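Below you will find one chain, with nothing else, as structure tokens; this is the form predicted alone, and questions on how it binds or moves follow later.
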């Protein structure tokens, strides 16, 4: 006879790991863009939702394999981000207080995408599931974990690891960190700042797309996930420290475990309120975030 408390504990642990890794990955995409470009992307939640909606359409309506659908969305995300940066984002690079301009512009993008989602996917279904990449469950001791959630966890952790290695050791990553820390000094040392801006936007948007796809592999979702994830990613970025991928990882995992624990004993809504309250308390103590650069 398995102890019910053990099963509850294992459920909280695995759910917290999966949610925390996805939260951290998505917030890392948001913080890369903000830290480099000063772009508070209010549309990050809509980008998070757009990727799995397209993958869901390809895999269900068009009969593509889930792996092919996910790969196609990730590849298509690059020209999407490139065109957005070329046609809109770069026009504000030299605007005074451009972070305010960006926030207003991305709020507009949010409203446009939200309306598009409502009149298209919203008419087809109110709940979405990407077909599983792998069938069955994996047992962690006595606790069964769906194989798809394990894939999502491993994928999120692998991408976070790749981000850390790339930002630390790759030439582009070092240039990106230099722009994080001091744009003027980086330019004086020969860094093409606008090229780094483009790279940061492409990288950050692709990471947000990946977070949305991994979430959709692990859980069913609806259109409201865009708003909840947008708020969560911003909260993680602010608490962790804008521009800090390490902060996104630590705080994202913390938020994931808080949501898992509070969801078990109360409700997901109470979980969201709990970590937003935690954010306010932390910011009262450290207004610049836990890992401010």
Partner chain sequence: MNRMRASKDMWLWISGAALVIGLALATAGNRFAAFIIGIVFLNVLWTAGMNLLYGYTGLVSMMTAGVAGIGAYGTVKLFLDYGWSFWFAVPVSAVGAAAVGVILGLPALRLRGFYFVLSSLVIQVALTLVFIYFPQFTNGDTGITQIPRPGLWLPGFGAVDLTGPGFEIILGLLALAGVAVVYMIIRSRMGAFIIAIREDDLLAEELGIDVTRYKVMVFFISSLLMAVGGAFYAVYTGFISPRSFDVLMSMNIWLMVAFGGRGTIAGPIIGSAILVPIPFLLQELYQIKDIFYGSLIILVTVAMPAGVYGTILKWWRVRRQKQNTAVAPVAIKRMPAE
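Since the model is a prediction, treat every value here as computed from it, not as a measurement. Positions refer to the first chain, counted from 1. Take the two forms, superpose them, and find the largest set of C-alpha atoms that agree within 1.5 Å; that set is the rigid core.
From this point on, the text means the form predicted in complex with the partner chain, which you will not see here.
Contact check for residue 66: no non-hydrogen atom falls within 4.5 Å of the partner chain in the model of the complex.
In the model of the complex, none of the heavy atoms of residue 181 sits within 4.5 Å of a heavy atom of the partner chain. Contact check for residue 172: no non-hydrogen atom falls within 4.5 Å of the partner chain in the model of the complex. The partner chain is not drawn, but in the model of the complex it has a heavy atom within 4.5 Å of residue 105. The stretch from 203-211, 111-119, 156-164, 73-81 that comes within 4.5 Å of the partner chain in the model of the complex, counting heavy atoms only, is 111-119. This chain is drawn without the partner chain; in the model of the complex, the residue among 100, 191, 198, 133 with a heavy atom within 4.5 Å of it is 100. Proximity of 57, 246 and 290 to the partner chain in the model of the complex is absent: no residue of the three has a non-hydrogen atom within 4.5 angstroms. Residues from 19-48 that approach the partner chain in the model of the complex with a non-hydrogen atom closer than or equal to 4.5 Å are 34, 40, in the order they occur in the chain. Residue 282: CA moves 2 Å or more between the shown form and the other one after rigid-core fitting.
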